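In the structure tokens that follow, a single protein chain appears in two forms: structure 1, then structure 2.
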Structure 1
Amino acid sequence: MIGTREKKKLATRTAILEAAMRLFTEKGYDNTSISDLARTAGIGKGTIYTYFAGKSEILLAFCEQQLAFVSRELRDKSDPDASLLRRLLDLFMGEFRFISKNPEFGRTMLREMVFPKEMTVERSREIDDKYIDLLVPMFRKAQKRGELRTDLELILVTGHFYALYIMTVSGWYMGRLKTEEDVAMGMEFLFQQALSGLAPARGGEMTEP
């Protein structure tokens, strides 16, 4: 059972995150100061530093929320025995739905994940590792079912599909893909194209790593 002190800390952290989402969207990430965040959250400026080292770390907290959301989507709504293509689409469309709830904020969050500042590189790497832990078991299962070659470096395959996801979302931000259905269709095409190139040759032997 959560005690009173823990409840207060959780409420303060939540207030900071809600203020950040509002202000990063309204004013932009670069134009929002820690003082702005403190004032909107109704707390002292120093209190924010008790919870977060700075604005970049606040964004990373949202990245962790995104990862938790995607993990729940996979667990609750995706068939673990579905094809690799289906599982990848379930995962990355879950990510897209998370950021598309608030597009301007999502843009800032993606930028921080793809191009992290020096002070948050280590935290960003920790989040990357969690994505790898989510994806690599999918790839290993796909290898056993003959959907992927067995000589692939799976961490690089993870980066491959994340890059295709970023490309698709970029198309949405630029207005080339206008709806969630457009994004899903574009992502499916790119993923299928990649999987065709990574699949074992028909009738050939699969090389062990």
Structure 2
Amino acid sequence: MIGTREKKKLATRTAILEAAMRLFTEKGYDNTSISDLARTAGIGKGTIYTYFAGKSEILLAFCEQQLAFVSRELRDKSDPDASLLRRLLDLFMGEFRFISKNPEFGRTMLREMVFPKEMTVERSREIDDKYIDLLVPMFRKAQKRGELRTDLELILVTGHFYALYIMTVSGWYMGRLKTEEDVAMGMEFLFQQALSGLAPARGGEMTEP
């Protein structure tokens, strides 16, 4: 029978991810060893490496699920006609809530997403691209409503807000922002700053008069 291999492969892959899902959330990322994963998934340790390039790539598979979840939540629970600021906060605070519930897990995830190793560059970019796909339509809408300049590269705008989100989460990991409210406020401040601009006036050149 043809396709036996494909079926088994998919089954094994799923088994690994299920084991990861369980063990990571049960014991945390760092406290879950590859051997644990293999044992729980009912396969040999070495086999895992035919499915994933390393432990961190298993993490990224999660990251993808996580993003999918957050983006579904955004679709279901956030008013699509709210202001751009509101929409952005809904999205990123959803993301943050997940991270704050799994801090060690989230840290490793973010480290891998923001400063990927060669090994995981590709997957990181895939996830990144999904972010872009999620945000760009929001920006387009905001442009139509006059909330966002129309002369900007939307990829750079995405980067801009994503950067501020990262910085806020960093502030939380550093202990500068302690509660979820702190984070929400910090993020809102930064987003507003970005929207209104840091320079005092608009329109003129940045050079001397």
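For clarity, a rigid core is taken as the largest C-alpha set superposing within 1.5 Å between two forms. These numbers come from a predicted model, not from an experiment. The first residue in the sequence of structure 1 is number 1, and each one after it adds one.
With each form of the chain shown alone, which structure should be assigned as the form predicted on its own?
If we ask which form is the one predicted on its own, the answer is structure 1.
Superposing on the rigid core, is the CA of Gln192 displaced by 2 Å or more between the two structures?
No, the C-alpha moves less than 2 Å.
Cα displacement of Thr150 between the two structures reaching 2 Å, rigid core superposed
Moves: no, less than 2 Å.
Which angle, in whole degrees, describes how far the smaller rigid part rotates between the two structures?
Hinge rotation between the two structures: 34 degrees.
Taking the rigid core as the frame, how far in Å does the Cα of Tyr49 move between the two structures?
For Tyr49, the C-alpha ends up 2.9 Å from its position in the other form.
Align on the rigid core first, then pass along the CA displacement of Lys27 between the two structures in angstrom.
C-alpha shift for Lys27: 9.3 Å.
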